[in-house]
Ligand code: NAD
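A lone chain, given as structure tokens: the form predicted on its own.
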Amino acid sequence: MMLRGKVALVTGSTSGIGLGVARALAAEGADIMLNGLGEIDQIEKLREGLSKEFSVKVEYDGADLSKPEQVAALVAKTRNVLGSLDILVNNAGIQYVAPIEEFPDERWDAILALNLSAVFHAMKAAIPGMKSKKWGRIINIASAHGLVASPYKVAYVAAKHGVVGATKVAALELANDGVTVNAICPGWVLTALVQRQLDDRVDEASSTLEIETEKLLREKQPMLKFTSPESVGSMTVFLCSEAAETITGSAISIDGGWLAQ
């Protein structure tokens, strides 16, 4: 229970990667502030289940992270309700795919607001408390697309590159304050977002899910295997450990060899 007594805020944690991260942190004893979308009764069931399974405090706040004032309020609520904020995991994100000349302005604005600006606002709100305690861990969930590009994903790629850059700046500023800042850059993770992409490909190609899954993976990854949310969670836990106390400003790939090519 390495993180007993610590408090973690994980954005976008009611499903997918964020939930995998929240579970991994709770398994190590951290109290958790959940944030994300979903039916309120299902979220309450999730909250209660995590609390009972891991014997930790688990709270939920449905802040709209595209609004800076709600991001700041979420950080403040985490401190007020759970007593601290030691670990910040910026995970929430959305996606849209289209050529640049057809990319809707409102989609660009929405993706930049949630995938990039919310990371800035959360770090800004969380850093003073971490500095005062001389201990903190900020883990930004970027993407392989934070390091390389793919066509038709201009807003997502731009945002995730920005997340990696912001991670490096924060790491430099906090290098001697007991606070580390790192980015995790997964390749393909089978989340609801990726499942929708697969379903679209099946419809467009009149194909099967098995065929389109292999084709999707083969386009980018030498390893024809999805990364699991649990693996991202395990890496997050490692970055919170004493063994990782001098790892900061890093963009850590978990991508099945995507960037090795």
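Numbering starts at 1 and runs along the sequence shown. What you see is a predicted model, and the numbers here were worked out from it, not measured in a lab.
As for the form predicted in complex with this ligand, it is not shown, yet the points below apply to it.
- At the 4.5 Å threshold, heavy atoms of S253 stay clear of this ligand in the model of the complex, well away from it.
- Among heavy atoms of S15, some come within 4.5 Å of this ligand in the model of the complex.
- At a distance threshold of 4.5 angstroms between non-hydrogen atoms, I141 is in contact with this ligand in the model of the complex.
- A residue is said to contact a partner when one of its heavy atoms sits within 4.5 Å of a partner heavy atom; V56 fails this definition for this ligand in the model of the complex, lying far away.
- Shown without its partner, this chain lists T213, S66, S51, S228 as candidates; in the model of the complex, only S66 has a non-hydrogen atom within 4.5 angstroms of this ligand.
- Relative to this ligand in the model of the complex, residues A92, G187 and R196 are all within 4.5 Å by at least one heavy atom.
- With this ligand omitted here, the record of contacts in the model of the complex names 153-161 of 169-177, 81-89, 96-104, 153-161, defined by a heavy atom within 4.5 Å.
- Contacts between stretch 26-63 and this ligand, counted in the model of the complex as any heavy atom lying within 4.5 Å, involve N35, G36, L37, A63, listed in sequence order.
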